[in-house]
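Before any questions on how it binds or moves, here is one chain, the form predicted on its own, in structure tokens.
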Amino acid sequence: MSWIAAFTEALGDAAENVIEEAHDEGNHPFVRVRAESIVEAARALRDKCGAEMLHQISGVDYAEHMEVIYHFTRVTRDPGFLCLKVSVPRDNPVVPTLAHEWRAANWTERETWDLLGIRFDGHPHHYRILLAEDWVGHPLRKDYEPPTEYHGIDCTQ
């Protein structure tokens, strides 16, 4: 049984309210889930589908919306990986945190916030991790305009 089939089965009756899209062809299977359902989806992958590792969370700015991509891996039983994707609006990019479910989410959620401005609601340490706390903006957003000066340092060179 594929990961996506097992995941859908694990969600049971809730699947139709959680899953927006599933893509099982090729080398990069993914399931697009509703933002408000990411915690439920991640728990189902861990508790019922054998996901052993959340090894990366990344963000993408598509200009018309933002996306968060969660990379889950299973290594001991039927090895493989599955991505969960969540789309959020650019004007209010908020997703519930997975930091309480997966310790690995702590760092990568903070990195995604810092660089793209996607907020992880409920994160225990939601502050910048790469840039200074007083830095303005999120440099990986398509609409980001870098400063010309920062604390007396010329940033145009």
Partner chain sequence: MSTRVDIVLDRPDEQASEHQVLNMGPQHPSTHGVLRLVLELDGEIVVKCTPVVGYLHRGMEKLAESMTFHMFCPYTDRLDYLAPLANNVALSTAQEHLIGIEIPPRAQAIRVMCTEMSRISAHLLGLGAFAMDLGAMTVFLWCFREREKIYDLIEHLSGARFTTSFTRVGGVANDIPDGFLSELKAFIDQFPEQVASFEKMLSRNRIWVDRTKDIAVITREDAMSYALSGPNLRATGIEWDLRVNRPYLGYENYDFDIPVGTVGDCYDRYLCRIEELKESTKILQQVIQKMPAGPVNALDSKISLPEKSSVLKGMDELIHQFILVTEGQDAPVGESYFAAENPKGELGFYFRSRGGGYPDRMFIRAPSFVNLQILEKIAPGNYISDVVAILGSIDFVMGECDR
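Numbering follows the first chain given and starts at 1. In this text the structure is predicted, and so the values were computed from the model without any measurement.
There is also a form predicted in complex with the partner chain; it is not shown, and the following applies to it.
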For the spot marked by E36, R90 and T97, is every residue within 4.5 Å of the partner chain in the predicted complex through some heavy atom? no
Looking at A14, A10, A22, L140 here, can you tell me which has any non-hydrogen atom within 4.5 angstroms of the partner chain in the predicted complex? L140
Single option in L115, V31, M66, A44 placed near the partner chain in the predicted complex, where near means a heavy atom within 4.5 Å: L115
P124: touches the partner chain in the predicted complex, heavy atom cutoff 4.5 angstroms: yes
E40 near the partner chain in the predicted complex, any heavy atom under 4.5 Å? no
4.5 Å heavy atom contact, C49 and the partner chain in the predicted complex: no
Hey, in the predicted complex, is F120 touching the partner chain, heavy atoms inside 4.5 Å? no
What residues in 67-81 sit within 4.5 Å of the partner chain in the predicted complex, counting heavy atoms only? I69, H71, T73, R74, V75, P79, G80, F81
